[in-house]
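Read the single chain below, which is given as structure tokens and is the form predicted on its own.
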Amino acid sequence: MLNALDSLKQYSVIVADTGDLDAVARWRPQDTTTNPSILLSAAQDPRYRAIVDASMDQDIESTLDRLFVAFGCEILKIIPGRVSTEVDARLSFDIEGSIAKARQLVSLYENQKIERKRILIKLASTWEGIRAAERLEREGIHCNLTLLFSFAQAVACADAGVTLISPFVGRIYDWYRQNKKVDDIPAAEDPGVASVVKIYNYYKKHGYKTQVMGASFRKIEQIMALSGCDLLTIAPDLLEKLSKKDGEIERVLSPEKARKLSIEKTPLDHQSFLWQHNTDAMAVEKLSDGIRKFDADARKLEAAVGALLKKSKAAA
């Protein structure tokens, strides 16, 4: 009998949401995602000190770039697919800065003989991040648009031709749970789950090539409610729970079902994007909060690396 995880793999590509190389090796996902929060934890782990030490360069910024790429390269030795590497959150509203940083990261990967098809550059789903991704995609640099909370963000990403989006189920769930002052919201009523369903059906109905990767899960019920989504990025603790849940699960989402639905196409220009996103209080708050939190963890990582760099220079 299949367990829930094996059953899920029949319908969706499973992605590990971790920088822990041992966890990646254990679960053997197709792809893996990273971000500053994940790398902060990994960089402080004694098991990976050699990777950190080998990434030391002349300044903090270049050391961080080398560190992100070093962990990405180690992950790619284990998995068959792609790794997502994130652009600094401080560039979330800087089109040219985001493009320059993405090119720098890809160049570092290519210096390690990693092909572009195995790299996804993660950018925040701001208007500026989406515009940067649009230009990068034309250069053959594939992008993963993260911190996605509103339908307007999803539409703009698809129209820009980005490779992948990561709608954040769990953070949407958190906002509504706190707003309603309840301990839980069942998966059937979960606004985070409903958001991904709406985006997936819109994409498949209108033939967009952009892939949907449900992300930021709080419980396995949310994941199972999205079986059939193109990709699902799952933390190791939830992978463990899915592997221990016996029985097959049914496919919920499919292109065939979506194509039968009546869904109007709604392309957005800059003004309409800003307005529609602004009408969603949850999305406005969570996008801003997400950028701040990624930046805070990036600054902690920066401080930790700075201390190591200073120590390394003193010992030289």
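All values reported here derive from a predicted model rather than from experimental measurement. Sequential numbering from 1, following the sequence displayed.
As for the form predicted together with erythose-4-phosphate (E4P), it is not shown, yet the points below apply to it.
Engineer: Among 194 to 202, 67 to 75, 213 to 221, 154 to 162, which stretch has residues with heavy atoms no more than 4.5 Å from erythose-4-phosphate (E4P) in the predicted complex?
Structural biologist: It is the stretch 213 to 221.
Engineer: So, 7, 27 and 240: all three within 4.5 Å of erythose-4-phosphate (E4P) in the predicted complex by heavy atoms, or not?
Structural biologist: The answer is no: none of the three residues contacts the partner (heavy atom, 4.5 Å cut-off).
Engineer: Would residue 82 sit within 4.5 Å of erythose-4-phosphate (E4P) in the predicted complex, counting heavy atoms only?
Structural biologist: No, residue 82 stays farther than 4.5 Å from erythose-4-phosphate (E4P) in the predicted complex.
Engineer: Contact with erythose-4-phosphate (E4P) in the predicted complex for residue 168, defined as at least one heavy atom pair within 4.5 Å: yes or no?
Structural biologist: Residue 168: yes, in contact with erythose-4-phosphate (E4P) in the predicted complex.
Engineer: Answer yes if any heavy atom of residue 126 is within 4.5 Å of a heavy atom of erythose-4-phosphate (E4P) in the predicted complex; otherwise answer no.
Structural biologist: Contact check for residue 126: no, nothing within 4.5 Å of erythose-4-phosphate (E4P) in the predicted complex.
Engineer: Check residue 150 for me: does it contact erythose-4-phosphate (E4P) in the predicted complex (non-hydrogen atoms, 4.5 angstroms)?
Structural biologist: Residue-level check for residue 150: no, no contact with erythose-4-phosphate (E4P).
Engineer: Considering only 283 to 307, what residues come within 4.5 Å of erythose-4-phosphate (E4P) in the predicted complex, judged by heavy atoms?
Structural biologist: Only a single residue, 294, comes within 4.5 Å of the partner.
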